[in-house]
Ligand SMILES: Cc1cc2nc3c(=O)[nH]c(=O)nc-3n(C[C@H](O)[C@H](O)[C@H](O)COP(=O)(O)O)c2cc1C
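Presented as structure tokens, the chain that follows is alone, the form predicted alone.
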């Protein structure tokens, strides 16, 4: 098609130049008949400059070449080429301020300036959790799309699910800038954003618009595909989670989370109570046994008193910190089992500075550390929680994942689903299909026929 466009472009250029030439000739004849004085005729009709001709030729060549390439490869190959092409662009983000780079990345996804995954996921990665069908277990964690600006673009990249937020009831700026610091050699980031959010009203408006659009797409896909199963949650293709936070100045945390449930739960495939960010004073104290029990009871009651259709209310998850004692973990597990919490996310960022981060001067910045140095710490906590909850509660493994092998280790440690953020910030869209392919290979290498078989494999008695 691109080749046809190029030929049309060349034809229009030729016709345009011919018309200009005819106009000059007619102008000369009219001037000669109305005057006896010889007209001042240019010796030569103006042509394109040398640079213009080179630029036009190069453009036409690219169009023809691109069209020829696109017409000779299948959709899967072309899709892979697009994802690999992002590797050329992603390094330029490293020259920008971290928050500026983040803002540009979100804007690009929101405007559809990112590749769309057209290739099906490996069948071995498909699973069902909370009655929702996931095409793969690899998700994007909260913190990237805080205000639900780019849900469609991010899901289109091939994530099995995307979690937006954290969303606070009232808009707040968060902590003073600078508040994001890169440690590229360590594959890590330190942030102290402090729940910067546009608030639930703005997020609800965006999710409402996207919800209607995704529902429409699902209906049209279902009607055209007949009995074909459409993967995704109640809001359309792909699974959407909403991470709820509290305002920094609020004295009633439960009221903040309840407000988020009332406003946003109708658009979410699952909800997350974030009580583990190290950048909001007093937030982590809510992980105590009594505080957590009281908080979860109030939020569950608020969710359950709402009217729901056949799909029922969204699952309610709790996101915990990696900086917890054995007693803390036992208390959280006891509350989660007693109140039948739908899931736990393990874990948020850490205030610790494990090697090799401790040797980097940037490690002196306050805030939560994410990325590769967090992997062992968060995975050990994940394994402990899987054992404490006896494998009865779905766990989402988060923290330091940067490859399919890492995702596989999280799953064997007890995770049913996994999330990443920092690795995506460094690796860009090309990382996603690579991780899925690697994870599928790891499962097959281990002799597993599905993810379910691998969950918690390292925690079982030999």
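The shown structure was predicted, so the numbers you read here are calculated from the model rather than taken from an experiment. Positions refer to the first chain, counted from 1.
Here the subject shifts to the form predicted together with the named molecule, a form of this protein not shown in this document.
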property: Candidate stretches 198 to 206, 163 to 171, 79 to 87, 299 to 307, one within 4.5 Å of the named molecule in the predicted complex by heavy atom; result: 163 to 171
property: Position in contact with the named molecule when the complex is considered in the predicted complex, options 382, 142, 268, 148, heavy atoms within 4.5 Å; result: 142
property: Of 241, 260, 137, 371, the one that lies within 4.5 Å of the named molecule in the predicted complex (heavy atoms); result: 371
property: Partner proximity in the predicted complex: residue 417 to the named molecule, non-hydrogen atom cutoff 4.5 Å; result: no
property: Interface membership of residue 429, the named molecule in the predicted complex, 4.5 Å heavy atom rule; result: no
property: 4.5 Å heavy atom contact, residue 319 and the named molecule in the predicted complex; result: yes
property: Non-hydrogen atom contact residue 110 with the named molecule in the predicted complex at 4.5 angstroms; result: no
property: Residues of stretch 270 to 295 in contact with the named molecule in the predicted complex (4.5 Å, non-hydrogen atom); result: 274
